[in-house]
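First, one chain by itself in structure tokens, the form predicted alone.
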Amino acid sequence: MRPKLKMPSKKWVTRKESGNNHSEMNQRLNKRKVKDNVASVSARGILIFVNFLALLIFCGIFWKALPILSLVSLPELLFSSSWHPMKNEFGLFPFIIGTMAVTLLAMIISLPVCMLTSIYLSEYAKRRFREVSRFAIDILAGIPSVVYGLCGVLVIVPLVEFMGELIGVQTTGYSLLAGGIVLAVMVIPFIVSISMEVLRMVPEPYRESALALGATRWETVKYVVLKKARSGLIAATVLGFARAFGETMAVLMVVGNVAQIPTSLFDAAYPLPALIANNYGEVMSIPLYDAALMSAAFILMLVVTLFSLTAHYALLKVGKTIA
């Protein structure tokens, strides 16, 4: 006799159980929607708070600078070279020129190093060496500015003084050149890190297509990779400029801090951040000193904000260019 086969028992789902499962699914979906809404509202609230905080800082500094702006015209404040706080003369022109000069000098020194380093690490270096180098670059970017300033005082200032003696220029070493070199060393890790990320964003098929057509490695980098990443590299440069423009402690320690318009690389200069850091303790004894320093701070914030917005716009164009 053949053994009887047991038919699998059918588990019938009642209408009541089906309704319970459906309600449980709806409850889970509702909980997920509530969590998503809470996360979205929280993130949006934090973003609004950060933007409001930046606007509040702008308004606060502008409010503190109003007393001097009501007494001195803006062109006179920006383009006057007379800085005599005891006589209520607050010309910011030497400090603006000093800031621009030391920042531009730092960018001129650092940009070739940054671009060549980024290209090598991104396109030529092996992966293991690239990772080790990126770790070292991150460490350099995290070193406090006062440490760079101390290294500048111990190494760069004597070197600049020796260079001045070689070419017959009398200098103490505390000069525009010393400030530019120290500032260049500080911004190099920052620009290199961003530039590497931008270059790695260029898809690999672009490189493979160029190499398949007979282009050399350098021709591929020059005509394909750099062209696609141009907006991002400009953004990295602009962000580096903004970073250098507002640097205080390291530049303050090596630039000389003399209120004059520098005429050579070996002359002392006085950037705006150093002016604020050195003199803010005297604002209680001299009328309008507080407002003059706040106007300098407002100029710094305005320039840094404009350059940051420009860099942000350039970074937005990177994705469109690569796509």
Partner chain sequence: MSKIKIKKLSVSYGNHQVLNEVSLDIPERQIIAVIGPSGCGKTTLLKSMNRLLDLNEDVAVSGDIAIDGENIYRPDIDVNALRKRVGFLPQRPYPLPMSIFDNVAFGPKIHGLDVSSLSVVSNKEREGKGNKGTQRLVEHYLRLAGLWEEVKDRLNAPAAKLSIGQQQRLALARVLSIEPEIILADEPTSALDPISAKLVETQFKILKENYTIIFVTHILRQARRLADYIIFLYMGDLIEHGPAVRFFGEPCDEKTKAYISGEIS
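Numbering follows the first chain given and starts at 1. Nothing here was measured: the structure is a model prediction, and the numbers come from that model.
Not pictured, yet referred to below: the form predicted together with the partner chain.
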{"query": "Contact label in the predicted complex: Glu208 to the partner chain, heavy atom within 4.5 Å", "finding": "yes"}
{"query": "Distance check, Ala125 to the partner chain in the predicted complex, heavy atom within 4.5 Å", "finding": "yes"}
{"query": "is_contact(Ala215, the partner chain) in the predicted complex, heavy atom dist at most 4.5 Å", "finding": "yes"}
{"query": "Touches the partner chain in the predicted complex: Glu219 (any heavy atom, 4.5 Å)", "finding": "yes"}
{"query": "Sole residue of Ile234, Val224, Ile119, Ile137 within 4.5 Å of the partner chain in the predicted complex, by heavy atom", "finding": "Val224"}
{"query": "Stretch in contact, per heavy atom within 4.5 angstroms of the partner chain in the predicted complex, of 245-253, 148-156, 126-134, 111-119", "finding": "126-134"}
{"query": "Those residues of 90-123 which, in the predicted complex, come within 4.5 Å of the partner chain by heavy atom", "finding": "none"}
